[in-house]
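Okay, here we've got a single chain as structure tokens, the form predicted alone, with questions on binding and movement later.
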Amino acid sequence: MGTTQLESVQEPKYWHLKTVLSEALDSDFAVGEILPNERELAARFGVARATLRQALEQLELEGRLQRRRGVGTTVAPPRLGVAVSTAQHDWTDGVAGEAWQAVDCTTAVAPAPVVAMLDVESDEPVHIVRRIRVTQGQSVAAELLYVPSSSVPELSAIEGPSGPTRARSVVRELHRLGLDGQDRAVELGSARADDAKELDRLPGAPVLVVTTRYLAAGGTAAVSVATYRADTCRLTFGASGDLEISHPGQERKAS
């Protein structure tokens, strides 16, 4: 990676540095290779470490870099399109190596924004299912699925009030309800500590938050808040209008 003079550049220094670094990633580094530390890079390019961090953060957000716990900053692999909006992916559990995997289930009061979407009483406990989205052996998303008891009236208490078995039962009963449709909203956010741990990210790392409202019988049957890794995921829209999320690997299309 060569040096460059940034003193006379009119655009923000970090943005120009990002372009220089991006070109170097294409020519001088291999996928998975670890970058030199910040002190070395800042000295090499004659910029403040704060400027360097801005450039690295932008490259991470664009999916060119990954910051890994105990490893450092590495060159990110190419991305793979993974359908988010098909019922197949919403309800499969551990099938064909690409699915949501149930982690736990608890019963508690949902956050106020979710309560408003579910149209339940503010103090009404709901089932909260925690799942992890796994593709090609990598965790790419963590989800909290909020399900009112009224949406799963046939749910048995045999499995107990918590645990992955209970979580799978809630999801299975919700699927049996016969959903009429769904709507989604996507926004950029920061990883919470629990999500960061499950996604092998640092707390506060950029993430994509996909909020889905599942509809049935003219109302909201459930609400999902899924946190996707922003360093390896990007949003695309297929010909059908279905939302896709892309992450490292071989490119695919939504079904």
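Computed from a predicted structure; not experimentally measured. Residue numbers here begin at 1 and follow the sequence given. If you superpose the two forms and keep the largest set of C-alpha atoms that fall within 1.5 Å, you have the rigid core.
Keep in mind the form predicted together with the DNA is missing from the figure; the text below concerns it.
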Proximity of E38 to the DNA in the model of the complex, heavy atoms at 4.5 Å: yes
A185 within 4.5 Å of the DNA in the model of the complex, heavy atoms: no
Contact test in the model of the complex: G70 vs the DNA, heavy atoms, 4.5 Å: yes
Distance check, A50 to the DNA in the model of the complex, heavy atom within 4.5 Å: yes
Site test, T106, I128 and Y228 vs the DNA in the model of the complex, non-hydrogen atom cutoff 4.5 Å: no
Interface stretch in the model of the complex with the DNA - options 61-69, 213-221, 23-31, 191-199, non-hydrogen atom within 4.5 Å: 61-69
R64 C-alpha relocation of at least 2 Å between this form and the one not shown, rigid core basis: no
Cα-Cα shift for R69 and A43, closer or farther in the model of the complex, minimum 3 Å: closer
In the model of the complex, shift in Cα separation for R44 relative to R69, 3 Å or more: closer
